[in-house]
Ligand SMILES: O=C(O)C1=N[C@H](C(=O)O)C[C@H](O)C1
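Let's start with one chain on its own, the form predicted on its own, as structure tokens.
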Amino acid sequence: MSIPVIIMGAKGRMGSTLTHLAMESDQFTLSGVVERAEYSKGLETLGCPVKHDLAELLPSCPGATVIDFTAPEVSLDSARKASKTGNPIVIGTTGLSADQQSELETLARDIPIFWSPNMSIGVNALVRVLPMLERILGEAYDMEITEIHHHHKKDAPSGTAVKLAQVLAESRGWKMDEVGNYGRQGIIGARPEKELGVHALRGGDVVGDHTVYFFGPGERVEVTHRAHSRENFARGALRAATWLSSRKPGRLYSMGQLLGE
């Protein structure tokens, strides 16, 4: 049985990729798409309902999973609307504030919600492996993270870099709001031992590169993930939609649960 899905922002970079993959797969049925009126030209050729407001589409698509990679406030609004009709929702939007994440957790009591700032299976495998690497190397190794994205990306650092930093800080018993350093300039003195730098680069059409550095005495270890195309994230989101279709409300799901933590 195919999984019915609704794609938010169907003309956007991620939305168009998701729409294409859903249409070419026998595992999914494109129940509808949502896009702003000024960008919706041409979507009528998809052969599914096209709406400018998710609330107009949901009543005619019971059980369809919404997939949203738009913007923090839009994604949160999508979750609110989905909660009124009981539709599951997969969110891949980055840059959500702590308050927005908290609201998602509240809404997840009523509907199945899956949220991950990075839908890549490889990145989420990295999230699981990094704490082990940190423990093996020990506190003699300074940790830094760099991330590179295309010049259209609006938030910095990326949600993925934030997540990687969080798991590394937690592995050492640190809190990122106490040890995080998001840029250095001027005469700042020696690097404190208890510090974790996270640095963002922007340019060109880079889909997403993340490198974690462990600088130790006489050596350094680098762990890098490079996304070659947006299909990587879209396939992860569709996998999440399939997984979420058999889950019940009660908690905010993430890649950790999907990968079997």
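Numbering starts at 1 and follows the sequence shown. It should be emphasised that the depicted structure is a prediction, and the values quoted were computed from it without experimental measurement.
Omitted here: the form predicted in complex with the ligand. The next part is about that form.
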| property | result |
| --- | --- |
| 4.5 Å heavy atom contact, residue 159 and the ligand in the predicted bound form | yes |
| Non-hydrogen atom contact residue 87 with the ligand in the predicted bound form at 4.5 angstroms | no |
| Contact label in the predicted bound form: residue 201 to the ligand, heavy atom within 4.5 Å | no |
| Contact test in the predicted bound form: residue 221 vs the ligand, heavy atoms, 4.5 Å | no |
| Candidate stretches 110 to 118, 184 to 192, 127 to 135, 165 to 173 - the one whose heavy atoms come within 4.5 Å of the ligand in the predicted bound form | 110 to 118 |
| Contacts with the ligand in the predicted bound form - residues in 130 to 160 whose heavy atoms fall within 4.5 Å | 149, 150, 153, 155, 158, 159, 160 |
